[in-house]
Structures are given as structure tokens and as C-alpha cells.
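Consider the single chain below, provided in C-alpha cells and representing the form predicted on its own.
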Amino acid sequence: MNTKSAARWAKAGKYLLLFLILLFLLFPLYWMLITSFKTNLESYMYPPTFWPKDFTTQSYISLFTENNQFFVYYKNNFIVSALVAAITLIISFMAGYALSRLHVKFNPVLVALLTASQMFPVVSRLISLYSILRTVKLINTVPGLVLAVTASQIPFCTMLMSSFFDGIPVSIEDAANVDGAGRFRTMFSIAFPLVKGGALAVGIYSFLMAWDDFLHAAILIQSDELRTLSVGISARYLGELSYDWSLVNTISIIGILPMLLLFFFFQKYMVKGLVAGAVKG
């Protein structure tokens, strides 16, 4: 076998491997999609069908005409996710700038504490978090849930924003200071435009993580009217003895649509921002 043939076979093998990995990753989404178009009886069939025998949109019709509570969960999810993303972005932007530019002897300690905070599982933090929120009467409230989810996002997002600022030459800000710009004006007028791609990545990341949050909402929210999407689905649509799998998968498809659209339109900023922020210097 000559060199060209070996190179072609190697290239074909690489693409085959990538296709198999992609198939493995996308198959759950495909299964969720086709199950939403099956009857509930067919979704329980064994062996399973890989394409609906009786293609139906009854689950979608039922969801939009009978399950009004679903849209309450949907609205709550949007509100909580948007507030978490906005608050996290503002705090992590300023904290990341301070961590990158205001070098004090405690900086290594702060970085170590922020890193250590990510090592503990969410469940272990929820014990003390529940006690604190109960003391200030924020249990079973949207502000309490927003604060709890925001607190879990800030450490990582702060370190991420700090790495973005580390990539900006300090000389640019020094020139602005010489021209009379203060710290806040330098931060928002000079630094922010240079890291807006990273800031957008942080905002989208926070939104995605808040959208998928389950544990905080399950522990801190008891009222059905305040539940978010993931908790609402598990509480209302998953029964003890049997599930309406067609309806559950339909809800899941509608639930992931905003995330797919968000990532589709902003994937360039997400990938560029997260990769750029992964390396300092």
C-alpha cells in the first residue's frame, strides 16, 4: 500500500470514527423526537420501533390545548434563567476584572477559594443554603431561587471572566488612565468592548445552566405555580406506576428548543469565548 492510499484510508477511518461518535451523541435526541410522534401504546412496544408505525401529533395537540400548567413552568424557567444570567454576568464581570487587574497578596487565596467552591456537590451546599434562605424568608420564592442558582454560577464565571481580562494588554488601560479616565470608565468603555465576546459566552453559559437546573428548584420551591420546567415535568407528568412517554418526550422536545436555537445562533461566541478563556496569558 502506497503512501497516498494509506493517507486516504486513515482519513476515511477518522471520518468513520467521528460519525460513530456523532451517532452515539445524537441518538438520544433522535429517540426523544420520534417517541413524541408515537402513540403511548407504541412507545411501550418491545422490541421498540425505530420509526413510528402510527405517526401522530396528538401529544403536541394535547400539550398546547390541555396542559396549560406546562406554560406556567415554561414562563418561570425563562424568568429565572434570564435573571440568573443577567445577575451572574454583572457580578462576574466586575469580580473578574478586579481579580485580573487589582493584584493583591490575597489573589492566590481568592482563586483557591473560588476553585474549591466548585469541588463540593450541589447537594452538600443546599443544606446550609436552605437554612440561610429560610432565615431570610426566601424559601418558595423566585428571588430566593435566583439567588441560589446565581451563587452556584458566580465562582466559575468569575474565573472565566478573569482569564478574558488577562488576555487584554494592561498598556491599553494605562493609556486611558493617562488621558484622565477613571477605573469604572476604563472598565466599561475600554475593557468591556474587548471582552464582549467572552461576556456573551458567560451570559449564555449561565442561562443554559440555570435552564437545566433541577436540584435548587426541587429543594427551594414547593408551590406548583412557582416551579420551573424540569421540576414541573417530574412532578406533574411522571406518574408513580406508568408514564405517558409520548407526552413526556413532546414536553422535552419543546423544552430544549430555546437552548438549541440559542446555541445555534451563538455557538461561534460560545466556543470562541470558552476556549479563549480556558488559557491564561
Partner chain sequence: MERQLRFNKKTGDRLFWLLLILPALIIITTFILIPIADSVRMSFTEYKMKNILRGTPATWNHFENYAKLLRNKQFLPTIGRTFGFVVGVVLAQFLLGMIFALILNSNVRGARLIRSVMMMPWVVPTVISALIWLWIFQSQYGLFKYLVSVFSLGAVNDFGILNDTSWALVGIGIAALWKQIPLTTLLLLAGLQNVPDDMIEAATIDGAGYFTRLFKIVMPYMRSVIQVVLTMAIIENFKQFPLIWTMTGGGPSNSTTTLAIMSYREAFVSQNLGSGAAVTTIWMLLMIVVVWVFRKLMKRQEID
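Small disclaimer: the values here were computed from a predicted structure and weren't measured. Heads up, when I say rigid core I mean the largest set of C-alphas that superpose within 1.5 Å between the two forms. Numbering follows the first chain given and starts at 1.
Form predicted in complex with its partner chain: not shown, discussed below.
Contact annotation for Ala148: at least one heavy atom lies within 4.5 Å of its partner chain in the predicted complex. Shown alone here, Asp212 lies within 4.5 Å of its partner chain in the predicted complex, counting heavy atoms only. Contact annotation: Pro121 falls within 4.5 Å of its partner chain in the predicted complex, judged by heavy atom distances. By the criterion of a heavy atom within 4.5 Å, Ile154 is counted among the residues contacting its partner chain in the predicted complex.
Contacts between 163-180 and its partner chain, taken as any heavy atom within 4.5 Å in the predicted complex, involve no residue at all. Fitting the two forms on the rigid core leaves the C-alpha of Leu33 displaced by under 2 angstroms between the shown form and the other one. In this overlay on the rigid core, Ile61 has a C-alpha that sits less than 2 Å away from its partner position between the shown form and the other one. After superposition on the rigid core, the Cα of Met259 moves by less than 2 Å between the shown form and the other one.
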